[in-house]
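Consider the single chain below, provided in structure tokens and representing the form predicted on its own.
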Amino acid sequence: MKPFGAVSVVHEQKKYKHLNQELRIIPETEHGINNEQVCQHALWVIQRLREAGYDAYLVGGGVRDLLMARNPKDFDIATSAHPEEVKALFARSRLIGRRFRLVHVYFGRYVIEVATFRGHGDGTNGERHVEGGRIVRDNVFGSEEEDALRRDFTINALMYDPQNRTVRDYTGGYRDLRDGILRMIGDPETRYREDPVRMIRAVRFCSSRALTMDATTEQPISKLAHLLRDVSPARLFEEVCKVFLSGFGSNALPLMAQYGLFQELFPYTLEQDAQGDWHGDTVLSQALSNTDLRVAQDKPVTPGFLMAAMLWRPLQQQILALEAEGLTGMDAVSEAIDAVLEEQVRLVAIPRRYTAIAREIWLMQPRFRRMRGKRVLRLLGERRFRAAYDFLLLRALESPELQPVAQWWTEIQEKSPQEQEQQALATAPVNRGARRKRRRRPRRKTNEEA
């Protein structure tokens, strides 16, 4: 691939009346991004589009994160080419999406997402469908400027031009990023109604990028939190994972609760104190802290464990309610698990593979109190033992009576298999002779025998 050549920077001064903002072209000497920091696949896609006569830029989160000296997870591209035209240029590509039509260009397992510039038109140049103020489909194409102005936040509207190595700023996003401000483009209430998930995204950017919402962006969120009920539960699960499994979940939870967003997603998890503040229990808060640490250490995390922590409080409340009705033991636990998960997946569509993990973790908790006999060895051999043990440690932080139990299971894991067997059998109940015979119920006589 031929590298982009450096070209002279032309400073454009174009006024956009609806934003009262001049287009600013920021040179490399100021923004500091260089092409070596950009994925080479993305550079090749942009070059190919330009050779075909289309405009194309790196956009969105990739530009934002490069300016913040972070490693972007994705490099997305916006172009003047329509989806079918992009598809025709790249053999290893695929059209996707109904709500927003995109093209994925494949390089082995790596994917570059290419989107056509979106516009503010009336739908004559594409297709837009709005229901109750919410955009359910938007394939109206427009210009580069319109595409920048229809994005959610100013910091996400920046475009990087690798040919002349400049950043193009139509919304003042470069200044907001420098000042640590998260600002909605346009009227915040209207934009939240178009897509309520933007409220969760606002919290995610503030908690993960140490940004502060400006007053107009923040003000409508609490009033509009209920709009999340109209969002697809499957999409909400994706957003929950982005917020709480990206390494900043501990920062996000207080903000999500402050604006009433968390209560819409997990209505029975938090508790309100006398001052009206919402707070989680030790299990949830420590689970989020541990998850943040694992992400920082580049260790794997699973939504299943997080869901077990998120729903632990509602599960305990449901068990108590069933026990009050006369159900006891594992019958109460099993029925409570079914009820809690059934209620939750209606709000946030947790995939079955993750609810199965949460279920296994919960069902193993009573078994940790049985520290004798071969049942110990069976528990140590369970596939989810480590996750369930980690969950036990979280519970022991708020329940002192569990600390000796947690310590016992910590110690036995450090022993060899032979020592584990000896310890388990040493605490087994003593055989007091012949096994007590089970008393049989007397056989009921038939009519003939009577």
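A residue's number is simply how far along the shown sequence it sits, counting from 1. This is a predicted model, so every value here is computed, not measured.
This protein has a second form, the form predicted together with a small molecule, left out of what is shown; the following refers to that one.
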Contact label in the predicted complex: Gln318 to the small molecule, heavy atom within 4.5 Å: no
Even though the partner isn't displayed, in the predicted complex is Lys73 close enough to the small molecule, meaning a heavy atom within 4.5 Å? yes
Please tell me whether any heavy atom belonging to Arg313 falls inside 4.5 Å of a heavy atom of the small molecule, as the geometry stands in the predicted complex. no
My question is simply whether Asp169 lines the interface with the small molecule in the predicted complex - judged by any non-hydrogen atom within 4.5 Å. no
The one residue among Lys87, Arg183, Arg101, Arg201 placing a heavy atom within 4.5 Å of the small molecule in the predicted complex is Arg201
So which of Glu264, Asp195, Glu360, Asp161 reaches within 4.5 angstroms of the small molecule in the predicted complex, heavy atom to heavy atom? Asp195
Among 144-152, 88-96, 323-331, 302-310, which stretch has residues whose heavy atoms lie within 4.5 Å of the small molecule in the predicted complex? 144-152
